[in-house]
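In the structure tokens that follow, a single protein chain appears in two forms: structure 1, then structure 2.
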Structure 1
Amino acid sequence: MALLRHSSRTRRRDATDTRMWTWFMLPGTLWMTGFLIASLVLVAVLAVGTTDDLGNPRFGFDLSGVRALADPAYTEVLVRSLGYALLTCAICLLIAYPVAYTIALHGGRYKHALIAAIVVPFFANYLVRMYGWSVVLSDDGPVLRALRAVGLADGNTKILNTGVGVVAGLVYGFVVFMIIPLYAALERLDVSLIEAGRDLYGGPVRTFFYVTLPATRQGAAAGLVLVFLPAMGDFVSAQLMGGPDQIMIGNLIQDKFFQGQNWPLGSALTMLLMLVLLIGMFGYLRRTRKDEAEARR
């Protein structure tokens, strides 16, 4: 009897609790729905809208913005953006893996300090970092001077105003997104697995490819997504490090909204960017699901 009364009281308390926690949740959720979800829907709606003579958006159903995307000039920019973003992902992986590996497995007691030393500058102003990077890569900057000194570059070699410069900017901007998940994965890695690989006469290279790399695959996949998302949408790197023939889809969007005043086309381009990213995200989710299913077996 006592037990029964207690449980009914608990249930009543649970019900009031749920109501209260819902009230806690509501303001933030409503705010985000009103300002974020609604605005994203608006982009989709305007992509099939038009503008009046003054450039004000008019809602309606007009596919001219979407149809304009078929212009080969835009296809070229989209393909270039995809290429630069994928190249950035690959280079970030090549840089981040040894760095994360060294810190996680050989960092000893400096591990946390070293990771903090990588994360902290990332929080510094993106523009200032990019601008500093463009000075470093400039024609008489330290990087090109060093390359010339060792004979890897001559007087005509340029980094700035080339595609190399854009990708270098993207890598500098987002490599930290690759290092953190890889570091977390390598941290969790059981070192005895590597030792077992060695005990079974696997050389360092074989052990790496058969043991370490598969065990940290999920960290790498997370890093690839985290780098791909912002790299694909960036417009600062192409502006500071690339010439006019290096523009990416972000620059096009920016141009349509600020110089061109063609908002339907800008919205259509934004939706196109989102579509590419959603395909990427979808691939990642499928991959991780498959991995998890395999791990459970």
Structure 2
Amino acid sequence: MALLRHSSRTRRRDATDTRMWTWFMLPGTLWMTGFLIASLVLVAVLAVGTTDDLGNPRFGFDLSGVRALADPAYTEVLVRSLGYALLTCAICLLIAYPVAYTIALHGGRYKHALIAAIVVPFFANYLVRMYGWSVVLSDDGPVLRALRAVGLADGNTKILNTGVGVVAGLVYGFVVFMIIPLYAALERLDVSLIEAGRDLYGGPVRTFFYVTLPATRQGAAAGLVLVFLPAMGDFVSAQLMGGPDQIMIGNLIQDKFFQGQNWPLGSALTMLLMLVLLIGMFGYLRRTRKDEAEARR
């Protein structure tokens, strides 16, 4: 009887907590949802609109902006942006995992200070950081000087105005978004699982691939999403380090809105970018639900 009363009190307390947190979440959720839906509807309406002689948008129904997406030039830019974003995700994962692993499992009492040392520089303005990075990667910058000194580059080697420069900028700009979720996943990792793997003569490499990596794959998946979304729509790296031959879809959208005054085409490109991002997000959510279902079994 006493057990039943305790269980009933626990359920009432959980229900009260759930209602309280729901009310706390409601204003922010309504605010974000309202502005997100309003902006998406506006962009969708502009995508089938027109512009007047002065370049001002006019509402209507004209599919010329949507049909223009079939131009192979835009497809090439979209494919290039997708390739740069995926390559950025892969490089960020390779860089971030050892960093997060070392800090989470071997950082000791300095782990919080080390995470702060990584995160704090990223509070600086993104544009300023990209300008600084472009100087580092310039023809006379320290990177190319070091490569020339060890014979890995010559006087004709360039990083700026190439695809390498764009990906380098994207990795520098968004690698912290990969480190943080990986660090959080490794912090929650039960270290006894690693010790059990080693007790079973798994060895460091086998233990990592059969125990540590599967246990932290949700953190890696979250990091991949957090890097992919902004990298896909970024335009600063391509503008400062890619030159005119390495533009991404973000540069196209910016040009159509602010220079070409072609709002319908800019809106259609935005909707196309949103579609690609939604596909990536849908895949992430589906994978997450599947992992949670497997964990409950």
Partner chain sequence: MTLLRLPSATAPTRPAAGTRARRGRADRKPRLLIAVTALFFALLYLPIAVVALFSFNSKKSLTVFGGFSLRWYRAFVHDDVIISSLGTSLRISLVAMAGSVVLGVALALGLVRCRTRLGSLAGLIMLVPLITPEIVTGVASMLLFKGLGVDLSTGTVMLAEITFSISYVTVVLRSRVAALNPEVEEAAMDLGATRWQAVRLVTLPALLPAVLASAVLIFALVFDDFVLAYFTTGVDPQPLSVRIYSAIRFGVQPTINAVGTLMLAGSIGLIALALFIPRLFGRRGGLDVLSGE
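Each residue is numbered by where it sits in the sequence of structure 1, with counting from 1. Here the structure is a predicted model, which means the values were calculated and not measured. Only the largest set of C-alpha atoms that superpose within 1.5 Å between the two forms is called the rigid core.
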Can you tell me whether structure 1 or structure 2 is the form predicted in complex with its partner chain?
1
Per-residue C-alpha change between structure 1 and structure 2, residue 282, threshold 2 Å, rigid core fit:
no
If you line up the core, does residue 68 shift 2 angstroms or more at its C-alpha between structure 1 and structure 2?
no
So with the core overlaid, does the Cα of residue 244 end up 2 Å or more away between structure 1 and structure 2?
no
Residue 21: Cα shift between structure 1 and structure 2 after core superposition, Å, came to 11.2
Quote the shift of the Cα of residue 37 between structure 1 and structure 2 to one decimal place in Å, the two forms being superposed on the rigid core.
2.9
